[in-house]
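Quick heads-up: it's one chain on its own, the form predicted on its own, in structure tokens.
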Amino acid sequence: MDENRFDLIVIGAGPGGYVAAIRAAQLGLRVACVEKEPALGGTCLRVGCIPSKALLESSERLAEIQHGLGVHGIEVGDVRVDLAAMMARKDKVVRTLTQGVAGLFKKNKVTRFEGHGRFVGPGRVAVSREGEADVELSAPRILIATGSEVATLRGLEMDWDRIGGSTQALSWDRVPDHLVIVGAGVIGLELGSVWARLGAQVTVLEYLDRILPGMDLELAKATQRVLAKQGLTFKLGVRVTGARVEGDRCVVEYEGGEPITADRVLVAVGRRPSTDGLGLDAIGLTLDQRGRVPVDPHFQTSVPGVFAIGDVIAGPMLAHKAEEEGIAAVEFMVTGYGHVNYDAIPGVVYTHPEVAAVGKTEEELQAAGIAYRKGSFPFLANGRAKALNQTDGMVKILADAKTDRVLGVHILGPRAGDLIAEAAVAIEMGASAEDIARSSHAHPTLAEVVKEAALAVDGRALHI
């Protein structure tokens, strides 16, 4: 057997790529996975989802000690932050999980190639590593899972230190006195929350007249009010025209206002598909106008045998979305069947409280002319939330006006990211609001708010 010939080559070892590689191996394929970074797991595990959640958890513990324990009758003295120790814990969490992926590769007999992968012809991928000769691999199927990278704006002079992206904001060695964040999306609000809790003055600049673009407007407005109370300052509807480093400070300019001086600038205006250097010309694969790889419903590109998933194709840039696509793609390769229900892909913002959503927003339903009924219930009326002293927010359920089928669920509140799983299953299974309402939910739990919102769709909430 040619040791460099495989049944499937996966380019990229992020959540989509490594999960696809493992699933393909489970299905009996001989699999190679090419990843340029020494650690496996992609942006999510290394410099994205996981390290940001570690810092969010640590900083939330700090905020609870400083501001939330008095109501419980607990008094504490002076509290000191050891930022180096906090960062070391974050790094340990990341290291443990990336090593875990390496262990999964070994367990499932996935062959890992470290280096930059690029197409050199149909069914052929060259792996380049500095100081070494290229290694050429071949396979009848190749899956592009190279993820995304930080997007920037014209006029912002990125030095990737004082003016940088999320990767830099996860590793600063001191708390900035003033942090300016360009972009009020998920990344900006999560990292803004971290540094605000640690003591930074945080100013968020957003081009749109709202935060959290794409999420339910009612919940986005409520989230803004909560975060403003936590100290974040929002300037909405402003167009940032420039940012530069002057000495040991940064200057940010935007239309219609005076320049802002800050210690650090976090550019969080989104991400773009990472396709540079893939050698797509060698196989005649053309990107769309937004730099994404076009695929059909089975994740096949226009080039026979070449597939793509995750952030390089259309759709939300979410790790779990990429995982589902990776599984569906390789199952289609082997069995001829593979499908992802995008209406059942949840999204979560890990602020405090959390924001979570699955399915359609009210704005989307209105634009599509779909008649719906709405039920909502506040955490303020929930016993468990009262006991936790976490009563901000609500659950909102949108159901088809005729069939009662659940079309969308939107949550602002404690542990919303966990609560949304029930809603995702409901949408996947085609459940009605009445199905949720008639399902017993343990008491006292936060999940009872989901049940009450489902009852409210029919105007029969019990506890308000």
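Note that this is a predicted model, so its numbers are computed, not measured. Numbers follow the displayed sequence, beginning with 1.
The same protein also exists as the form predicted in complex with flavin-adenine dinucleotide (FAD); that form is not shown, yet it is the one meant from here on.
flavin-adenine dinucleotide (FAD) in the predicted complex reached by all of G192, L219 and V358, non-hydrogen atom within 4.5 Å: Zero of three within 4.5 Å in the predicted complex.
The unique member of L419, C44, I427, L55 whose heavy atoms fall within 4.5 Å of flavin-adenine dinucleotide (FAD) in the predicted complex: It is C44 that has a heavy atom within 4.5 Å of the partner.
Residue (of T223, T301, T98, S148) lying close to flavin-adenine dinucleotide (FAD) in the predicted complex, criterion heavy atoms within 4.5 Å: Result of the distance check: S148.
I need the one stretch from 319 to 327, 82 to 90, 371 to 379, 334 to 342 whose residues put non-hydrogen atoms within 4.5 angstroms of flavin-adenine dinucleotide (FAD) in the predicted complex. Heavy atoms within 4.5 Å of flavin-adenine dinucleotide (FAD) in the predicted complex occur in 319 to 327.
flavin-adenine dinucleotide (FAD) contact at A32 in the predicted complex, heavy atom, 4.5 Å: Taking the distances in the predicted complex, the answer for A32 is no, it never comes within 4.5 Å of flavin-adenine dinucleotide (FAD).
Is the gap between E60 and flavin-adenine dinucleotide (FAD) in the predicted complex 4.5 Å or less for some heavy atom pair? E60: no, not in contact with flavin-adenine dinucleotide (FAD) in the predicted complex.
Is there any non-hydrogen atom of I11 lying within 4.5 Å of flavin-adenine dinucleotide (FAD) in the predicted complex? Looking in the predicted complex, residue contacts with flavin-adenine dinucleotide (FAD) include I11, since a heavy atom lies within 4.5 Å.
Can E37 be called a contact residue for flavin-adenine dinucleotide (FAD) in the predicted complex at 4.5 Å between heavy atoms? Flag for E37 set to yes.
Suppose contact means any heavy atom within 4.5 Å; which members of 95 to 128 contact flavin-adenine dinucleotide (FAD) in the predicted complex? Stretch hits, in order: G115, H116, G117.
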